[in-house]
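This document opens with one chain alone, in C-alpha cells, the form predicted alone.
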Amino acid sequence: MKEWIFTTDHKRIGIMYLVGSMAAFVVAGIMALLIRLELSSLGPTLTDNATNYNVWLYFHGAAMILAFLIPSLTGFFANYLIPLMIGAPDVAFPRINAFSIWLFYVAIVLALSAFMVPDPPDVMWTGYPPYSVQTTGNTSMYVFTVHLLGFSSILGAVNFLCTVIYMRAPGMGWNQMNFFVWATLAAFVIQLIFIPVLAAAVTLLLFDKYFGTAFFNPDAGGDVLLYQNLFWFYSHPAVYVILIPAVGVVAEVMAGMARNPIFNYKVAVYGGAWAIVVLGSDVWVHHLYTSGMVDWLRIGMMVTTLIISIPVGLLMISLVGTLYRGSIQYNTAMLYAISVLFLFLIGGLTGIPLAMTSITLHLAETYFVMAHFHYVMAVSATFAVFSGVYYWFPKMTGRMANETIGKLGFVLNFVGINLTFWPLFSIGVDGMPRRYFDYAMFPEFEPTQKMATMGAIIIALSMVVVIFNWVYSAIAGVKAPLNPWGSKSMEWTHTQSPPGAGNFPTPPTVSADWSPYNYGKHTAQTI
C-alpha cells in the first residue's frame, strides 16, 4: 500500500487514474440510472423533490466529463502508454505527476462529499448563473472541484509535453511516433490554453455568490452571457480533449487488430488532430444560439462549426482506411473499437443540423441535443476507453481478459446504449425539453421514456459484467504472452508484461525506417 501511495512510477499512476475515473464512472452511472428511473413514468417516481433530481443531473454530468472521460483518456492512457510508446524510462517530472494524481483523487472525494452535506450542489455541470448564484445549493463545492481537476490537468499537460519533446528514444522522429501520442499532445495543448478560462469563469461565480460581486448580475451592471461565453470557450474545446485521444486509442487498437499501418497517418495527425486544435477555439457560440447572440456572430460560428467537420471527417476516414484489406481479429477490444465508428457516425450526422442556426432555434434544449451529445462524445469515448482497456489489459496485468465475458458485456452495452438514446432523437424533435423533472404536459412521450429506461437498466447490467471481467481476469485470467496481438509498437516489442521499473531492460534506439506500424516487415527490435 505504501508503494502505491508514494509512487512516482508513471505506470502505477496511470492505473490509479483508471481506478479513480472508473469509481467516478460508477457513481455517475448510478446517477444516470436514477434519472432514467425517475423519468420512466409521469409524476414523481423515486422522489417528489426536484432538487434531488437536479443533484443527480449535476453529479452525472460533472463526473462523467470532468472525472471520468478526461482523466481516463489524458490521465490513465497518457500516463501508462506515452513513456512506453516513445522509449522513455518515465515522465519528465515524476513528482509533479504524483501530485497531479492526488489532486485528482481529492477532487473525487470532494465531489462525492456532495452526498453528505445538507446543501449539495444542484447547478448541473455548467453552473449557469443566475441560478448558481441564487440557489441554496453549495456552489463552492462545484467551483473547488473544477479548480482541483483543472490544476491536475494543467500539471499533466506540462509534464507530458516536456516528456514527448525531450525524452523520445534516440533516433525517434516526430513522424515515427504512435498516433495516440500525437492525439494526446493535441489534447494537452487544448488543456493548457483553455482551462485557465474555465477557472476564471467559476472563480468569478464564486465571488458573485459568496463575496457580493456582480460580474454576472445584470441589475448591477454584470452580464449573464459573459459566464456562458467563458464557460463554453473551454467546455466546447473540452469535447476535443475527449474526442482526439479517443480516436487515438481506437486507431492504435484498429492498427494492431487489423495488422495494418494507420491510413493517411500524416493527414490524420496534421489535417485531423491539429486542425481540430486550431478550429476548436472558434465554435463555442453554437452552444449559445438561443441566448441572445447577434446574428452575425451566430452565422460566423455556424460556418466554423460546419468547417470543423472536415478534420473530424479526416480522422474517421483514417480509421476506416486502416481496416481496409486488414487481417482483422474480432476480439472484444476490436468490437468496441469498430462500434465507435457507428456511434460516432450517428452523433456526427445529428450534429450537422445542430450547427445550423435556423434548425437549432427549434432543437435547442431538447432531448435531440442530449441524444446527440451522448452519441458523439459520451458513448463513443466510453467505448473507446473500454476498447483500450481490453487491448492493453495484457500489458497492464500480464493476463488475458476473458473473451466470452467481454463479448457478453459488449453486446449488452451496445444494445442498451442504442435502446436508451436512439428513441430520444424522436421525442426531441417533437419538443421534449431537457432537464425536466416531470413531463406531465407531454404524456405522449411516456412510452419512449419507458423504453429509454429499459435501455439504461441493460447498460447498468453490462457495466457489472465489464467490471467483473476486468477484476476476475486480472486475478485469475490466462497468463498473457509478451505480445499477444503481434503489434509492432514499442510498448509491446521492447518491454515485459507488465513492464518493470524503468520500463525497458535496455534503453531502446530507433532506426530511420522504424515505425510502430511496420506490419509485414522485420525492422522492430524485440526484447
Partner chain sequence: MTKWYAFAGAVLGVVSWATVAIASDQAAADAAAAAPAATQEEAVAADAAAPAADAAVAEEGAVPAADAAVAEEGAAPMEEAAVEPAAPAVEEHAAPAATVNNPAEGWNTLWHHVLIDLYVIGGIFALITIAFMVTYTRKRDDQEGDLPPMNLVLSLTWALIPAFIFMADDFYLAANGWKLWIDQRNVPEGALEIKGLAYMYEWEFEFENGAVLSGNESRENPILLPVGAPIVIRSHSDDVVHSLMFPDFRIKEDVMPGRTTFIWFMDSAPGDHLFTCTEYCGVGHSNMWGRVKTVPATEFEAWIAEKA
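Residue numbers count along the first chain shown, from 1. Given the structure is predicted, the values throughout are model-derived calculations rather than measurements.
We do not show the form predicted together with the partner chain, though everything after this point is about it.
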* Structure fact -> Note: exactly one of Thr357, Asn178, Gln449, Ser235 sits with a heavy atom within 4.5 Å of the partner chain in the predicted bound form, namely Thr357
* Counting non-hydrogen atoms within 4.5 angstroms of the partner chain in the predicted bound form, say which of Leu341, Met454, Leu112, Val415 makes the cut. => Leu341
* To do: Would you please decide whether Thr404 lies within 4.5 angstroms of the partner chain in the predicted bound form, comparing each non-hydrogen atom pair?
  => no
* Closest heavy atom of Lys488 to the partner chain in the predicted bound form, within 4.5 Å or not? -> yes
* Asked: Would Met257 sit within 4.5 Å of the partner chain in the predicted bound form, counting heavy atoms only?
  -> yes
* Does the 4.5 Å heavy atom contact test between Met316 and the partner chain in the predicted bound form come out positive? -> yes
* To do: Tell me the stretch among 358-366, 238-246, 179-187, 385-393 that has any heavy atom within 4.5 angstroms of the partner chain in the predicted bound form.
  => 358-366
* Structure fact -> Checked 422-456 against the partner chain in the predicted bound form; residues with a heavy atom within 4.5 Å, sequence order, are Val429, Asp430, Gly431, Pro433, Arg434, Arg435, Tyr436, Phe437, Asp438, Ala440, Met441, Phe442
